[in-house]
Ligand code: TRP
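Okay, here we've got a single chain as structure tokens, the form predicted alone, with questions on binding and movement later.
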Amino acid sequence: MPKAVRRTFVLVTTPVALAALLGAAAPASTGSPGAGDPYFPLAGNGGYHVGHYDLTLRYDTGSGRLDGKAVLTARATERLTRFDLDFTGLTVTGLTVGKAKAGFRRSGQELVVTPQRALRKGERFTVTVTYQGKPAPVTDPDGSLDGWIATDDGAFVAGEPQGAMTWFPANNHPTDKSSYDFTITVPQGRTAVANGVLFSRRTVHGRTTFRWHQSEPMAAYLATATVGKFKVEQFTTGNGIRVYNAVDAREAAASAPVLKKLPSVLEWESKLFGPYPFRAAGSIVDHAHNVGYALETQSRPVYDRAPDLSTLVHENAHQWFGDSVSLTSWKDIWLNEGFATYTEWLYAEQHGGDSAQKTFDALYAKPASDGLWEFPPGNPGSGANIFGTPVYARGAMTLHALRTAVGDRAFFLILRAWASGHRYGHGTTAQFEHLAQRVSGKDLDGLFRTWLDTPGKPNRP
């Protein structure tokens, strides 16, 4: 009789191993169409991180046509047979992943990409998208416009919270931060202003090309490519910060005395919060009064008109609180707006204006029926409320209540530690509360619960 053959049976325990054994393809893995934000469920995307955007844009101010090429350098955070980009409105004319053409389709604000082969977890890859069309802004839940907003001489480009996807394909949530290169070509006589440092400017055959580089990580909503007829001022501060101011001539007279204070404002804020976080600074002052707001575009805020000094202080405070230290959820936006508003109070207090206590008292005197108490700043409730008065003013009041409870020394240590400890990263309300308690050595749970999370007018601290 033949010898008995000993057979070993292997239990296959994973779908991938089973597929390999049976000769089948590995299971599909699809990046999620959103980053999981409760207020903007489709903002951002899952399955990858974008390390760098290289954006090449050509904008015709007469027709309003934008031709673009976006090269995204990314890393897969899971195995991907498909992934999404946030992109709306413009026509995609070509898309490759690596050097190979990829399949794509549109689904609302999602550009759904199917590469020819699956991307391995941890694999670095590039996505190149070419596109064209006439960009238009999106309407936010509060009724305001953001994104690419056409003006009479160019475009006012401000992306909070959703607008980046109107002019380039992106992983459009603050949790995904990247470096950027911009090459923007516009008609001669127009200036294109983006983030970071201007590398070059060249005019050929009636068109001028501007090259900008933003080296420090930036959330997509903070990118800009504002175009207009601007008067430009450039200089370097004593601390080596490269300042670039671009001002519409119609706003120049009103802007000049305020912008002159920018270096001293940055120096003052640096003493409070720690070193300025970027290589570049400046201002973009457009003539776009139909927009109705300014935005802390990283390294160079954009204003729809000549700013007053309080607005300049506010938007540049965001370079620390909101830009360098970014949100993980739009629900926590008081960490941006409450901090920038309280910086206005501190500036006034230290420059001959009302004390922060006087400003707090005037607000607290408002009746319980006032809109200031409509919702708690730590829980605005929806995307329609993230720019509401409670986020700004009651958010600032929360910080003043904290300052009153812990004293000036601990309070300013907390602000500096927050800015330095989360520099170029992210922070949450829970992390800030923990930091405040650790630095002060006090139990602050009740204070934060009352001021951030409790509906209605709080009891006076």
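The structure displayed is predicted, hence computed values, not measured ones. Heads up: residue numbers just count along the shown sequence, starting at 1.
Just so it is clear, the following notes concern the form predicted together with this ligand, a form of the same protein that is not shown.
Peer 1: Please name which of the stretches 280-288, 139-147, 372-380, 123-131 has residues with heavy atoms lying within 4.5 Å of this ligand in the predicted bound form.
Peer 2: That would be 139-147.
Peer 1: Using a 4.5 Å heavy atom cut-off, are Glu296, Glu315 and Phe387 all in contact with this ligand in the predicted bound form?
Peer 2: Every residue of the spot touches this ligand in the predicted bound form.
Peer 1: Among the candidate residues Tyr53, Tyr392, Tyr48, Phe40, which is the single one with a non-hydrogen atom no more than 4.5 Å from this ligand in the predicted bound form?
Peer 2: The option sitting close enough to the partner is Tyr392.
Peer 1: Within 4.5 Å, heavy atoms only, which of Glu160, Asp153, Glu110, Glu251 is in contact with this ligand in the predicted bound form?
Peer 2: None of the other options qualify; the answer is Glu160.
Peer 1: Though only this chain appears here, would Asp86 touch this ligand in the predicted bound form if you measure heavy atom gaps against 4.5 Å?
Peer 2: Taking the distances in the predicted bound form, the answer for Asp86 is no, it never comes within 4.5 Å of this ligand.
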